[in-house]
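What follows are structure tokens for two forms of the same protein chain, given separately as structure 1 and structure 2.
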Structure 1
């Protein structure tokens, strides 16, 4: 086990306080197993954490710390940076709140600022509510694009869905299907395959086996239903493979996920959003973790949402949040060592 000072520094955010985020964060903090992997600092409003502790029915001790100040990592108390920006009593629970979405975004932006200042190596956030953030003024198609904007990132980055060591990624994401078709080119496919390969290696998979999905039905049926596979995808995959990445394809999209889930591949790179999401949601990837990959800061979050139907009942499972923290620590650790 690494000594405490060598462990990556991770910011844990409670997500949208109207959802189950504070409850599952309190459960993870009380359980304490994360201490093996990371130096974790909680970031958010003290009153939100208090609500989470009550909902979770756990015992938790924390110490308020100043941003950038010294933290006693040998203490068993959770260090908390209290932003004092969210009063859960005023925000309500179990339903979408634009005001809460605005605050969720502000807290994320604050944590990103800390990472930029060198105070954090990775960020894990409990579930947020995309609609609340948008209504609250964070007008991005998704939080990943917001992170990229705040980090002034240029070039490719992507959301990835991770479950049981399998990584599902995609070439295009939150754009119309027509726009996705226009965005798929050799550069975009190469970026997507190279990025998921890099992330999986960081996560400890020595030689990831990456399948690239076709765009057209039956992978184009030898050109009968589209020539993208012949003219674009296959030559691109072969070029990437020649560079040493174990990628193959294009495979018909309606069977490639079945083969991956059966263990033939560690990753499928989809051409567009629903291609991957139909398969991974049916397979229960909501139990897994969403990673924002390709930015200077690693972000992880449970793939599940705010689960408004079970808020305040004490029954929400902290498993995916726990996995999100472990994965962020692995990705950040190797990054530090690089």
Structure 2
């Protein structure tokens, strides 16, 4: 096991305080298994953490630390940077709150600033609410585009979902299906496959086996249901494969995920959002992790949402958040070693 000072520094955020984020964060912090992987500092409002501890029914000790100051990583107390920016009593619970969304975005932006200043190697955040953030003034369709904007990123990036060793990516993401059809072209397919190949290699998969999903039913049935597979997707996949990436397809989307989860592939690249999300969420809704791939900062989060229906009941599972921390550690460790 690496000594503590060799481990990446990870900022853990509590997510939207109106959801289950504070509860599952408190459970993860109380369990303490993350210490095997990272040097973790919690970032947010201590009142939100206190709420999470009450919901989780756990005992947890923390100590407030200054941003950029010395941290005793060997202490059993959780280091906390208290931003003092969120009073959960004033934000409500179990429902979308624009004010909470505004604060969620501010906390994420603060953590990104810390990463840019060299104080963090990765950021893991508990579930947030996209509609709340948008209503709170963060005018982005999702947090990934917000991250790219704050980092002044130029070039391709994408959201990926990781479940049971499978890396699920897509050519288009948070756009309407009608718009997605116009965005699918050879460049977009190539970017998606190349990025997931790089990310999996960083995660320790030496030669990822990537399946590319078809767009049309039955992969177009030899042109009967559309010629996208014949004229666009298959030629593009063949060109990518000729360049050394182990990708194949297109495969019918209604069966390719069955084959992937049976072990035939390490990844499936979908053409649009729901094509992949329905399959992976049915497979393991409470276990999947979302990665923002292609940016200069490592971001991970549970693939599930804020679960307003179970807020305050103490029954929320921390499994996906634990896995998100472990995955962030792996990705950050490889980046630090590069």
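The shown structure was predicted, so the numbers you read here are calculated from the model rather than taken from an experiment. Numbering follows the first chain given and starts at 1. Just so we're on the same page, rigid core means the largest C-alpha set that superposes within 1.5 Å between forms.
Only structure 1 comes from the form predicted in complex with a further copy of the same chain.
Taking the rigid core as fixed, one finds a CA shift for residue 122 smaller than 2 Å between structure 1 and structure 2.
When the rigid core is held fixed, the Cα atom of residue 176 travels 2 angstroms or more between structure 1 and structure 2.
C-alpha superpositions between structure 1 and structure 2 give a turn of 10 degrees for the smaller rigid part relative to the larger.
Core-superposed comparison between structure 1 and structure 2: residue 282 shows a Cα shift of 3.4 Å.
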